[in-house]
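In the form predicted alone, a lone chain appears below as structure tokens.
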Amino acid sequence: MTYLLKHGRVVDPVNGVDGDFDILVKDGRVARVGRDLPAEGVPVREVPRGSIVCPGLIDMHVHLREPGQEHKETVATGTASAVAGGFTAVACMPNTDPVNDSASVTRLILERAAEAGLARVYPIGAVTRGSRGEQLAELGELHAAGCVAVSDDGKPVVTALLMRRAMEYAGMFGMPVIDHCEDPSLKADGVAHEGFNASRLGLRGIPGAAEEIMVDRDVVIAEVTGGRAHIAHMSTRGSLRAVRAGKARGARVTCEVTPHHFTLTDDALEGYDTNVKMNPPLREAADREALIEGIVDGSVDAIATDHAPHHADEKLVEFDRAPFGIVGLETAVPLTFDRLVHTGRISMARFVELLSVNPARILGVTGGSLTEGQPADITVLAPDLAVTIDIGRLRSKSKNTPFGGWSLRGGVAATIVGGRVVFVNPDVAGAQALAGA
């Protein structure tokens, strides 16, 4: 398959490209990037006016639920949601049933992804057997089967000794350890951020210190071992301080922030909507502003959704009893455009770094640039598209989001994986031309 993408603003920070360029796609790869490339004998696909063309977006933190929880999501529905959200690749957490702590589960996930034929799927294996925090899983076996990182996400690696061993072992294979930082003794049975709003509403609190203590620990262990620690869904200003300090000392630590944590605060608890219940919880305004500053100044490495689908019946209970988590694959781009790009907080180059370049670098996977010879994983963005979040139109099997009805500016025009156009947004004028005749 050969074609020429023409007349888009190409933003590729790795190669220092930001301007009007054409992209020649040949046999599923980027063959050439240049201005006014000749079109003789090559089908031309016009990029919609005003669009931005960038390396495919990568979400390094999603829950696809398969195997074992297919009533919430499957690999097929999750990757359909991903490409609709502009993501050409996702990395999926291991808290499935059974837990992805063995090569057989990893292979099953990869087989399901191949059958779906949409976004690339990079499995993340469990740090410990059954994610029980007792004994290390066979990390070498997981790596050989296709895992790109290890995590017990949903649970922390509780003991410092086990985290040390995990970083040492995973480091042998170049894999980061992604940690859900949370001191269980401080979190206890909390369901919301410990503060004024939780107290006023009678909800049990989760203090920011529960996260910050574990982030501090992981940074120190990364220094001791030379291993790679990645802090998942960071939510507090204290955690950000610890990551900044660790980086300044040379620790191999990276971190991610979710769109809901840079958009919402615990003020959203009013009304007890279980779609604002997530872990870590929505924090106070000072935390949100600190996270945005970290995104702006480069302290934060990635934006990741923590896409956590749950069946409607599971969320339709009392706040205390509802599961943590929201879906995020199809709302991430509009939220990031609306709250960070169009407010002038970040540039388009920084947008691409956070959602493509850095996730690829941290996980050591293909993508993050439009370098010639790379697979043609490309996201076409519509920065001025008027988007209203319509829960009924979400491709995810689950619809648990607090953003239903929100009006935002900026969205996705099309998603291309390996040169194949796997999603075209019908709301973008001219986008259908990208699919070819």
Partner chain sequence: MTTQTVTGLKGKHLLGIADLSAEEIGLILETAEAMKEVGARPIKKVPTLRGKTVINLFFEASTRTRTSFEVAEKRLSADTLNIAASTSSVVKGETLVDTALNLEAMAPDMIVMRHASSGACHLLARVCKSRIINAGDGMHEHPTQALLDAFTIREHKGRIGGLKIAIIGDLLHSRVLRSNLLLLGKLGAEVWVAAPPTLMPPDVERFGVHSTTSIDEAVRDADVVMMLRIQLERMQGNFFPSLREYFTVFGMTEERMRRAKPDVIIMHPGPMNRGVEIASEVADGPYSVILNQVANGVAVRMAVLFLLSGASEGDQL
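Numbering follows the first chain given and starts at 1. None of the values given here were measured: they were computed from a predicted structure.
What comes next is about the form predicted together with the partner chain, which does not appear here.
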Using heavy atoms and a 4.5 Å limit, would one call H342 a contact residue for the partner chain in the model of the complex? no
So in the model of the complex, is the partner chain close enough to F319 to count as touching (4.5 Å, heavy atoms)? yes
According to a 4.5 angstroms non-hydrogen atom cut-off, is F324 in contact with the partner chain in the model of the complex? no
Would you classify R249 as touching the partner chain in the model of the complex, given a 4.5 Å non-hydrogen atom cut-off? no
Partner-contacting position among G133, G146, G190, G195 - heavy atom within 4.5 Å of the partner chain in the model of the complex: G195
Heavy atom within 4.5 Å of the partner chain in the model of the complex - residue from R200, R107, R129, H71: R200
Residues in which of 231 to 239, 270 to 278, 359 to 367, 93 to 101 have heavy atoms within 4.5 Å of the partner chain in the model of the complex? 270 to 278
